[in-house]
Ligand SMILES: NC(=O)c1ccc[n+]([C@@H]2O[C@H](COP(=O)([O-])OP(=O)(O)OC[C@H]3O[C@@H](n4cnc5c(N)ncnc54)[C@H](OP(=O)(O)O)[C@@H]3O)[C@@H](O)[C@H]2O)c1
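First, one chain by itself in structure tokens, the form predicted on its own.
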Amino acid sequence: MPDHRMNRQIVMAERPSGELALHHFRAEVVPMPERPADAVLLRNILVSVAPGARAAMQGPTHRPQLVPGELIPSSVIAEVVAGPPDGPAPGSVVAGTAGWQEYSVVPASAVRPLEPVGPLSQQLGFLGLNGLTAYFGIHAIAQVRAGETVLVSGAAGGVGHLAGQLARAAGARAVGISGSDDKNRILESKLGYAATVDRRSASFQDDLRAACPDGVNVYFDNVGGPILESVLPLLVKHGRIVCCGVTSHYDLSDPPPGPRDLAVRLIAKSLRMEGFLVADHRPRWDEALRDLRRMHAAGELTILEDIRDGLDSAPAALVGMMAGGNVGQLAVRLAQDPPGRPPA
């Protein structure tokens, strides 16, 4: 029988140097965390697998750099086991940031109660940080307008597959960059991308020009690196670059310098290049989530998910993601949804 006094978790065993591999992770069994009076004890149901975890292993981002032995961070969907009297009730379901483990203790103020609407996996994906990131990147940062061309890199990923659809819903022409023809067929046939380009193609630069014959108004950048340098000449005057991620750097011990003459290019075409965190837009989350729900109900958003089973599958899932092996939201299920939740 399982020992409920103990907690299973996945930590960073050693800092990656080069490509991520399974030996960079270690499973541990540790005592159940103590709960301070103002915190909640969570039983994690779903944990996200996202490039941000790889970034934290590499160096400091919006969170401190991980050190060996530290828990792999992630968004979680969890059931409240215990908490303060003025916090979420035991048995309720919340979203928060915790990590790859069965149980977590976090401040009660840091979790967000979830409405009993739809399968919980959607609350981790299009109604979670990925959906909010795509939404604010397209609407608040890029301010996409009808008739524009929006180019999305990492277009088959958890954020990218939503960003292109949101751009299309705003009346723009969405063009996607992914790492395979199979992914591109999904982007065009299921998600309504007008055109796609395989970043691994020997004719990538020519293919990109052909896919964007009138240039690019908005580049939603999930990868950085050489692709950003390839896109810069295609940006039209007053174009915008949304800096969402730099996944091309995470598996490199010594990332390359930025594009040559970046400042000159920005000035010459009056371009705007802006990074952002979804937390910057916290006051508008409820508004965004209502809009995302409405669009999904109206058939304007198709949700792609890749849900693995069991905590031990998380390291391989992240390794595969960094090699381009996922489509849509990638997550790991640790427990079944509580009774009463609608089925997936």
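Counting begins at 1, following the sequence as shown. This structure is a prediction, so every number in the text was calculated from the model and none was measured.
From this point on, the text means the form predicted in complex with the ligand, which you will not see here.
This chain is drawn without the ligand; in the predicted bound form, the residue among 40, 57, 292, 278 with a heavy atom within 4.5 Å of it is 278.
In summary, among the residues 83, 245, 239, 73, the only one with a non-hydrogen atom within 4.5 Å of the ligand in the predicted bound form is 245. For the marked spot (125, 191 and 301), a heavy atom within 4.5 Å of the ligand in the predicted bound form is absent from each of the three residues. Shown alone here, residue 227 lies within 4.5 Å of the ligand in the predicted bound form, counting heavy atoms only. Within this chain, residue 51 lines the site of the ligand in the predicted bound form, having a heavy atom no more than 4.5 Å away. Interface residue remark: residue 200 is counted as part of the site for the ligand in the predicted bound form, having a heavy atom within 4.5 Å. For the chain shown alone, residue 77 is not a contact residue for the ligand in the predicted bound form, no non-hydrogen atom being within 4.5 angstroms. Considering the ligand in the predicted bound form, the lone stretch of 158-166, 85-93, 139-147, 261-269 in range is 158-166 [heavy atom distance within 4.5 Å]. Contact annotation for 171-196: residues with any non-hydrogen atom within 4.5 angstroms of the ligand in the predicted bound form are 178, 179, 183, listed in sequence order.
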